[in-house]
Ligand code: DHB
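There is one chain below, alone, in structure tokens, taken in the form predicted on its own.
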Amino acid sequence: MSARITASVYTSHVPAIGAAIDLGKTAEPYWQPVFAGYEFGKRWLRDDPPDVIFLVYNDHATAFSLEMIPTFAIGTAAEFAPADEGWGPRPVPTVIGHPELASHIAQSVIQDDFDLTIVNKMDVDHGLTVPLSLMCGQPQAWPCPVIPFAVNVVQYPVPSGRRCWQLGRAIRKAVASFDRPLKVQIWGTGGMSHQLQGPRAGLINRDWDNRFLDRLIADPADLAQLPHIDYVREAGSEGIELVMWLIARGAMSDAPPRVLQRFYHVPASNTAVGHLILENT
């Protein structure tokens, strides 16, 4: 038997969410509606945990700086420590990797003509740890190994939505060719609409975000053709993080998925929070 992708999870990775969890503020009136949207996902993950999570995120100038900017980087190490982002590492467990599957995916995807940077040592920032906290709470250890997959959506030029969609399909092929019966989930993180600087700082576009969710579920191949300028115009400069969701969606089977959870809330800090769980049928 071979490995298979069973489901995909999509979520924002707002750093203030991590701070709210770490400081015990999740029940405060401002934050309670945000965390309520993840209660289903926490139960679902606890009841049927995967063997591996392939987690697509972007580094925020922690592991990579402007001195070195890989477009796509796969973590192949045995473990990844929480990063110090200027105020100390988050009090979360070390991320345990899956070097064997990660190396297999790198081999397969590179042979399919995608250039990946292979990373044997790096710390992981809130882009990766906040989604884990939202879906897992505050455990002593994360429920399964995690393969970090970092995408440059910080410094232009950044990859197109079409390229991300195609990469997801190559990852699906790679997982299916791994000769162990692993259940793999792929998570796409970042977004939704937000802008952190300039005259449009604080921009949130509720209508555009929800149309994006509709299209991601029903017609992702068409959504993948959306040009960069549309993300920036409609969802703000940081809205481009949503191309990472197309990697996760591209890795799903071609059959329409089962929608297990859909959640949207504004605001959390100065960001729109979106969350989906899609299951392969």
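These numbers were taken from a predicted model, which means no experiment stands behind them. So that there is no doubt, residue numbering starts at 1 and follows the sequence shown.
Another form exists, predicted in complex with this ligand; not displayed. Remarks below refer to it.
Looking at Leu196, you'd find a heavy atom of it within 4.5 angstroms of this ligand in the model of the complex. Shown alone here, His60 lies within 4.5 Å of this ligand in the model of the complex, counting heavy atoms only.
When this ligand is considered in the model of the complex, Gln261 lies well away from it, no heavy atom lying within 4.5 Å. Of the heavy atoms in Thr11, none are within 4.5 Å of this ligand in the model of the complex.
Residue Pro15 is the only one in 15-46 with at least one heavy atom within 4.5 Å of this ligand in the model of the complex.
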